[in-house]
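The form predicted on its own is given below as one chain in structure tokens.
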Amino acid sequence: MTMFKALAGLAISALLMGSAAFAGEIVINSDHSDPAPKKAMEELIADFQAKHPDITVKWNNFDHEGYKAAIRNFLTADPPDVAAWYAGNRMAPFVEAGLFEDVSDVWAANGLDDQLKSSAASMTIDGKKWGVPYTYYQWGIYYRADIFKEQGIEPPKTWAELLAASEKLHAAGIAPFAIGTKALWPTGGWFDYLNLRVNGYEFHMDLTAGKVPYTDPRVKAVFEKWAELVTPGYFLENHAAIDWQDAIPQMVQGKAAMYLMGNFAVATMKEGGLTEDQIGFMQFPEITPGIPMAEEAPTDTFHIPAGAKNKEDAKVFLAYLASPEAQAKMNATLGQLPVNNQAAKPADKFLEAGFNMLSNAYALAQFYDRDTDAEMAKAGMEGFQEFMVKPDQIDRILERLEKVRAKVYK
């Protein structure tokens, strides 16, 4: 009897040891096929296995487009233990279908509500956390700092200041804003920021989730603000005929002064001939006073599928992925930003500005074509581009978008 009790005690102790008792193999599926993401994942996995030698990682790497098609199949037919995806409304369908595991315990056990607080809202559905974010990058307004200085303009913090700066630049023969909308998606950044600043994050997420009609007066109010820049001619002419990169020479030549864009644009600006001192970065200004400042920051995430075979070790991996050290190293390789606000700050001045801004953000939107249905996103951005060319057609455009929303989200 004594030996039986001793063996039973050992068995219970083994169970209480947690992840070590379930040590084995975890399978990770992701789409890190480009050179920098591939290297970042290889380093992450090597470092994780060095720290957890009892856990073996099997990594299946897909190309981006192939992964989008494959994930819907493998989450149901042959789930891995960890899967890469995206935050916000892109995550929601898999949560609602019961295909992602609740990982609130990982957040609670590792203090992630504080360390990952800027992404907490975009990882939360029904009060639970459904994955761990590990990288993002900022959007904001990049501007010609030397032109601002010449014109006596301070970086605007409010909508009134932005309009005044735009009027001054326009009077000097400089287009206030560069943009190229041939590929449509740059218009999504403008719509997102205007809606976040006019109506706030919660309204924006409800709209992009199909819960609000496009004919709602609050949506029209967004376009009325946009018209305050469109109607006076504060954007580059012929923007519908050029891609986003084609607008950058206008900034390099001093013919345009500002650009609402993601941080990836900085490299193109420098390649075009601008020095780092000539480029400034600022947060999109406040419009409705008192609305918390949410930001646009496409966020990549990892999740545990509900059908995963080794959830215990998968949670160990997510906890490691969330750590300041892992996120700092991974993002140094990616050239992006760690979500963990305790991670070492990047050396790059634009990434540092983005890190400070996003670490203090109220919440993060993922970008219009990530946050909304693909068919709605296409119609929406077509409408945004048309509005920027024909602002007097706003009512007709919104009625058309509402028909698409009613069909897509029926």
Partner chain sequence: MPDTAPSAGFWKRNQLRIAPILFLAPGALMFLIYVLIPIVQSVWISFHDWDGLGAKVWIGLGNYAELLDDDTFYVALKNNLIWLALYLLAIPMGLAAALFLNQSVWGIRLYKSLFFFPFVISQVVVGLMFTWFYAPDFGLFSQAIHWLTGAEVAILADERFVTLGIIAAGLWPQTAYCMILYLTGLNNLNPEQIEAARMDNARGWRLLWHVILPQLAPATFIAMVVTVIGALRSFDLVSIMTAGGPYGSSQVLSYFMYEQALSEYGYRMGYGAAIAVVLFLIMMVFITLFIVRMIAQERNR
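By rigid core we mean the largest C-alpha set that fits within 1.5 Å across both forms. Numbering follows the first chain given and starts at 1. Not measured: the values here are computed from a predicted model.
There is another form of the same protein, the form predicted together with its partner chain; it is not shown, and what comes next is about it.
**Q** Which one of these stretches, 241-249, 334-342, 227-235, 102-110, sits within 4.5 Å of its partner chain in the model of the complex when only heavy atoms are counted?
**A** That would be 241-249.
**Q** Which of Phe302, Phe223, Trp159, Phe94 has a heavy atom within 4.5 Å of its partner chain in the model of the complex?
**A** By the 4.5 Å criterion, the partner-contacting residue is Phe94.
**Q** Identify, from the list Lys38, Lys58, Lys349, Lys378, the residue with a heavy atom within 4.5 Å of its partner chain in the model of the complex.
**A** Contact check passes for Lys378.
**Q** Given its partner chain in the model of the complex, answer whether the residues His52, Ile125 and Lys128 all have a heavy atom inside 4.5 Å of it.
**A** No, the whole trio is out of contact, none within 4.5 Å by any heavy atom.
**Q** Would you classify Ser30 as touching its partner chain in the model of the complex, given a 4.5 Å non-hydrogen atom cut-off?
**A** No, no contact at 4.5 Å.
**Q** Is there a heavy atom of Thr288 lying 4.5 Å or less from a heavy atom of its partner chain in the model of the complex?
**A** Judged by the heavy-atom cut-off of 4.5 Å, Thr288 is well away from its partner chain in the model of the complex.
**Q** At the 4.5 Å heavy atom threshold, is Lys182 in contact with its partner chain in the model of the complex?
**A** Yes.
**Q** Just checking whether Ala374 would be counted as a contact of its partner chain in the model of the complex - the rule being heavy atoms within 4.5 angstroms.
**A** Yes, Ala374 sits close enough to its partner chain in the model of the complex that at least one of its heavy atoms falls within 4.5 Å.
**Q** Any residue of 70-95 with a heavy atom within 4.5 Å of its partner chain in the model of the complex counts; write them all down in order.
**A** Residues within 4.5 Å: Arg72, Thr76, Arg90, Phe94.
**Q** Is Glu271 among the residues whose Cα moves by 2 Å or more between this form and the one not shown after superposition of the rigid core?
**A** No, shifts by less than 2 Å.
**Q** Aligning on the core only, does the CA of Phe350 end up 2 angstroms or more away between this form and the one not shown?
**A** The answer is no, as the C-alpha of Phe350 shifts between this form and the one not shown by less than 2 Å after core alignment.
**Q** Relative to what we see here, could you say if Asp206 and Asn73 have their Cα atoms closer or farther apart in the model of the complex, with a change of 3 Å or more?
**A** Their C-alpha distance grows by at least 3 Å in the model of the complex.
**Q** Indicate closer or farther: the Cα atoms of Ala92 and Ala374, in the model of the complex, relative to the displayed form, with a change of 3 Å or more.
**A** Relative to the shown form, the pair is closer.
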